[in-house]
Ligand code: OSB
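First, one chain by itself in structure tokens, the form predicted alone.
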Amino acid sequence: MKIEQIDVIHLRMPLRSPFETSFGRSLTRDCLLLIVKADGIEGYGECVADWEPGYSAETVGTEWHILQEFIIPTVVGAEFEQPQDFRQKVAWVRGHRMAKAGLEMALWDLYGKQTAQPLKTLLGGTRQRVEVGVSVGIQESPQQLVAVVEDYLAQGYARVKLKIKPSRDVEDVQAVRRAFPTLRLQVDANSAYTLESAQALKPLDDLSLLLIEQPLDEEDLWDHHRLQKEFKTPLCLDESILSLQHARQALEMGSCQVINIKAGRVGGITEAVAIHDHCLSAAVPVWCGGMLETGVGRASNLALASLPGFTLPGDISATERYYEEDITHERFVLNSDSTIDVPERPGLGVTLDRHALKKYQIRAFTSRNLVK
């Protein structure tokens, strides 16, 4: 496929309800939509960088710059036999994995449409539907948190993840566990603790949690190793895993027992599959994390999570969990068994709602306007 044109659209999507984590409270969610054109076909990708550098140093602003000035000029006019070739083409650009992941996703969509194969098939996925859970932000009180969790259980979610931070951790999680003794429950700190302050989380070890996600700073692999020794509950790494290399080192070091794989965070679907394959060979469970994606990124996550090593429910959730109106015509719906169907149409299997795109667009540029 010879890349003829790439459009980038900065979107700001209103969330159905505020979402609070250890690094802030969000009312909207920004992202970059990429539309890649080749051989008369369009492929869609989503760069999951947000407006603020809370979760990651990458933001829509930094990735807009990197895409416009460096990555897109390198890619437009180039030919790719398969999406995996893209990584080598842009290897000279250091970091900026979210920008690369968004563009690579669009190439996978293009390739799937060209070959009349769904992304699931291209990746080697084995499931028609994947098990999912819901991520619940920090609430005003433990009582309010219990009420919110109860509502999600009524909707059909069978696994819940609670966001925590210092002073809003043990009491909140204990309240939910008392209310729902058999619930599949896990927590996520988003790097809110130090090795010393994480000692306050010791009571969580008695609550039969599936895992404790990213308690320490993303660069604290060794301290995660030390902390894991003190907990019987598996630690799971998210922000710390930016590549297959990081995943291998973390597992060899004993820094975690579970890995959260986000294609956007690790530089794309190709790298995400490589991490999955490594963990599968090592019998380490993985699951697919979420970044409040639109239908474009959600479709990609579902295809990725259909691979056999994703044995824990992902943070993919139904469309209505986050958005009243999405930018795709397709809406992903929660099944009665806490699963969501994996798209079966070629590529990502989604189509764009142009009216919604126009409604939520902040700015846009096309490669036609770049100086050659």
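Just so you know, these numbers come straight off a predicted model, no measurement behind them. Residue numbers here begin at 1 and follow the sequence given.
There is another form of this protein, the form predicted in complex with 2-succinylbenzoate (OSB), and it is not shown here; the text below is about that form.
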Task: Non-hydrogen atom contact Y322 with 2-succinylbenzoate (OSB) in the predicted complex at 4.5 angstroms - done: yes
Open item on the list: Please determine whether L292 contacts 2-succinylbenzoate (OSB) in the predicted complex, using a 4.5 Å cut-off between heavy atoms.
Closed with: yes
TODO: May I ask you to state whether N190 is within 4.5 Å of 2-succinylbenzoate (OSB) in the predicted complex, using heavy atom distances?
DONE: yes
Open item on the list: Taking any heavy atom pair closer than or equal to 4.5 Å as contact, tell me whether K113 reaches 2-succinylbenzoate (OSB) in the predicted complex.
Closed with: no
Open item on the list: So if I measure heavy atom distances to 2-succinylbenzoate (OSB) in the predicted complex, which of the stretches 173 to 181, 195 to 203, 224 to 232, 158 to 166 falls within 4.5 Å?
Closed with: 158 to 166
Task: Partner-contacting position among H276, K262, K120, R97 - heavy atom within 4.5 Å of 2-succinylbenzoate (OSB) in the predicted complex - done: K262
- [ ] May I ask you to list the residues of 196 to 215 that have any heavy atom within 4.5 angstroms of 2-succinylbenzoate (OSB) in the predicted complex, in sequence order?
- [x] E213
